[in-house]
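Before any questions on binding or motion, here is one chain by itself as structure tokens, the form predicted on its own.
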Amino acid sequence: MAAVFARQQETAIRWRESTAAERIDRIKRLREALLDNRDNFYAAFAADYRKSPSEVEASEFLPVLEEMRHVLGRLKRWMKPHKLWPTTTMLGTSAWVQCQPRGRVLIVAPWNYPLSLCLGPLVSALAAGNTAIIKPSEMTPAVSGLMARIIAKVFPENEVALFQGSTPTSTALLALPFDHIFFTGSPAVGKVVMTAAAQHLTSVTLELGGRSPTIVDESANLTLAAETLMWGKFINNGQTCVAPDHVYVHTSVKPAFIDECKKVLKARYGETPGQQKASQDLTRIVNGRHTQRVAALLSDALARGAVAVAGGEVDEAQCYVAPTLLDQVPAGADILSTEIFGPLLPILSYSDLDQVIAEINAGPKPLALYFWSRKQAHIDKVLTRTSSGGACINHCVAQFAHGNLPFGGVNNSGIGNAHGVYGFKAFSHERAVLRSSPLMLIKLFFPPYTLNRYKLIRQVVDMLRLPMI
């Protein structure tokens, strides 16, 4: 690792002069290699956690290919220096912002979307002109191994390299003085990454998680809310960082909302528990340890008085947890204080929107917040009085796929943004450049400070109190 990291230094310096055409060529070669291995990825995802080809296409290939398409069509524009007007005291100068590659970057990717969350940031890093070292998750060995073979075929190690392994591998990589680290994972591990980065004053982008609350008010389109939420919650079997974690439903519509959700689950995965377990459209939990963790959350909630109005079946040997809707979940249940990352959805009653907002604000700022309503006053209130990385009105999860939106968290749920131009900027240093001309107003501020010069400087300072035109 240290040898590869050292060899990337010369490349990183040389790539500061790389053209848009050169960067575009690297991304296109990666795209072709990815598509050439489409069927191999189907097999790898099936081996790691029985993900269906349709879901591989929709949740893994689609985001990466959309990111590539977005970058390829806009990169030349993003790379151009951005000229700026001079401010009052800078008359006689010209200025611009020049985006430079950060240099050598590290991308640490998670297991839940191992292809999308590994290659998506890599596209942004390549677009910005960086070399990269990638550390995928050891919990999806088939997908990680296939990505390693593809990366090795497309790039020499002094440009892009991928290292497989567990915690010792990550620890060794984090000890190196990278120019930027892009990490996707839990807040707890994010703190470890940030601590390691601080040793070298390395900049970071942290795409973390946290509990993403959802609200369905009395005016909501319940059919649309149920159809969309059952997709956003149970795609990848709930193993999604922006999946709804719990739903506050207005008391007056809660029974009807639950009925709509149950209809959707039966239509999509099967009428009976046996049919749902046999469904090819339900991804499995990634491994036995995570299955036990999700099962423990379910058992704790049921033991405390919660009721499974749908689902509730668990087969730890097959890493299977059924899509489960939980009603009457008591306040002390563990499931209400942790990121679930599985197919369990607590449905909570509310009658006062202000109280829901207060509960959301009492916890760490979430990565996402979802609100179903047809009342603009309610929508404005929720958006104004809460804070989250992103938000959707009458939708969920889809903000991740919008290439013109910044994707990221806030505080506990993340630092920095990704996707599109925001990903390009995350892997770029925005260098401020100022160029002088012989006629510089700033000469007025040079010594010696005679009385006349003092008066002139003071007049200039007093002018700054006037409003801008």
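Since the structure is predicted, the reported quantities are computational estimates derived from the model, not experimental observations. Numbering starts at 1 and follows the sequence shown.
One more form of this protein should be noted, the form predicted in complex with a small molecule, which is absent from this view; the next part is about it.
Chemist: So the small molecule isn't shown here. In the model of the complex, which residue out of 160, 301, 117, 265 has a non-hydrogen atom within 4.5 Å of it?
Modeler: By the 4.5 Å heavy-atom cutoff, the listed residue in contact is 117.
Chemist: Consider the chain as shown here, without its partner, and state which of 170, 283, 214, 373 has a heavy atom within 4.5 Å of the small molecule in the model of the complex.
Modeler: Exactly one listed residue reaches within 4.5 Å, namely 170.
Chemist: Among 306 to 314, 333 to 341, 69 to 77, 92 to 100, which stretch has residues with heavy atoms no more than 4.5 Å from the small molecule in the model of the complex?
Modeler: Every other range fails; the passing one is 333 to 341.
Chemist: Can residue 394 be called a contact residue for the small molecule in the model of the complex at 4.5 Å between heavy atoms?
Modeler: Taking the distances in the model of the complex, the answer for residue 394 is no, it never comes within 4.5 Å of the small molecule.
Chemist: Does the small molecule get within 4.5 angstroms of any non-hydrogen atom of residue 189 in the model of the complex?
Modeler: Yes - in the model of the complex, heavy atoms of residue 189 and the small molecule come within 4.5 Å of each other.
Chemist: Please run the contact check for residue 407 against the small molecule in the model of the complex: heavy atoms, 4.5 angstroms, yes or no?
Modeler: Flag for residue 407 set to yes.
Chemist: So in the model of the complex, does residue 276 come within 4.5 Å of the small molecule, heavy atom to heavy atom?
Modeler: Residue 276: no, not in contact with the small molecule in the model of the complex.
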